[in-house]
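First comes one chain, alone, set out as structure tokens in the form predicted on its own.
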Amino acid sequence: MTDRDLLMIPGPIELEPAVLRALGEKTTSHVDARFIAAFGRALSALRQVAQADGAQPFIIAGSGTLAMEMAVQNLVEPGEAAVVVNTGYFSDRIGAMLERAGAHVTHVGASPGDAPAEADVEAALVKTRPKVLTITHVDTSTGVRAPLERLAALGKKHGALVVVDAVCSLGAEEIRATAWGLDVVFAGSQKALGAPPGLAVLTASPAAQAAHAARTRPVASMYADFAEWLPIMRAYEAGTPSYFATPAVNLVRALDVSLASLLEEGMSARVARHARTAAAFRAGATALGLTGLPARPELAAHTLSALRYPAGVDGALVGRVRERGVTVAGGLHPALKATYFRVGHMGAVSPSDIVAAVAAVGRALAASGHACDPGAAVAAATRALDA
């Protein structure tokens, strides 16, 4: 094992040195002028990353699951209908949250690794006339990337608010919130946004804010309530402090730095880089004789790869990869978790990281008795990167 493992899981991810420096700076007051400026910049940058003109950004201490909870709790009241486009574990989670909020939930699913047919989604929208349609853009459990733009168009066509779980996509996959009619886009700080874990982020469109304002009863959770946070977010973005609960000062400063780096790269360039990185890793994986969990190539996310164990290989592979200096993740989907593993390749991941990950997986497979040529796999990944 090396002294420093390369972290190649689907989040948290490796961080840029500048982000780590910001995280390690002396903690200041949450009303310090420098922090107010950093918080305001981060809010503005989040709006740009999601391409959510006119939307209200939120950055709250908590995980991506809190952001999911906020989306559900603020938009849905008991007795209202919701349709969940189900592509895995995290689609199940938002469905369970909707049920706890009292919604009548319809799941439109497919076999693990696939995405539901758009005709089936539309049929559910026609039948239930839901208040919200939820879409897991990339389900971290399966590596499936749903066709977000087309699904969102169906939601808008049938009058639903479109809620997008972008935890494993925002900052790496194409998302155009305003142009595509996405009413809430939520994520966590620790994946493609390139910051440490600990921040829930989301954007709420004017329609989402109006739906919240029209509620007939208060949001049950004070901490999750848009009404408590709206004046805080607006104040910080305007350059003045306000208080509801103490913000995570160092985490926000780290996010400010990571979002600035992301926007400096440019969203189009960043999306294209992640596509190239994913293609290179999968070229290496294919050369090792591995197959992906997603049912079709167009469903495979650019932020992670979910790969089936070959015959004769089991979950011990994850530990063998780590012994070779790279940390990857096991399976997560309950129906399949013992049959596959996951490799994250998002954020600051470099070409050398891709090569190192392919080499480590190849050597671990060979040590597990799988007939493969790790050198040929590295060459395949390198050719894809060079191309």
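Counting begins at 1, following the sequence as shown. Bear in mind the structure is a predicted one, so any value in this text is a computation, not a measurement.
The form predicted in complex with a small molecule is left out here; the points below concern that form.
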Stretch in contact, per heavy atom within 4.5 angstroms of the small molecule in the predicted complex, of 150-158, 235-243, 248-256, 87-95: 87-95
Ala50: touches the small molecule in the predicted complex, heavy atom cutoff 4.5 angstroms: no
4.5 angstroms heavy atom contact with the small molecule in the predicted complex for Thr327: no
Contact test in the predicted complex: Thr136 vs the small molecule, heavy atoms, 4.5 Å: yes
Interface membership of Gln190, the small molecule in the predicted complex, 4.5 Å heavy atom rule: yes
Among the candidates Ala42, Val349, Met68, Val343, the residue which, in the predicted complex, approaches the small molecule to within 4.5 Å (heavy atoms): Met68
Candidate from Asn74, Thr140, Thr277, Ser305 lying within 4.5 Å of the small molecule in the predicted complex - any heavy atom: Thr140
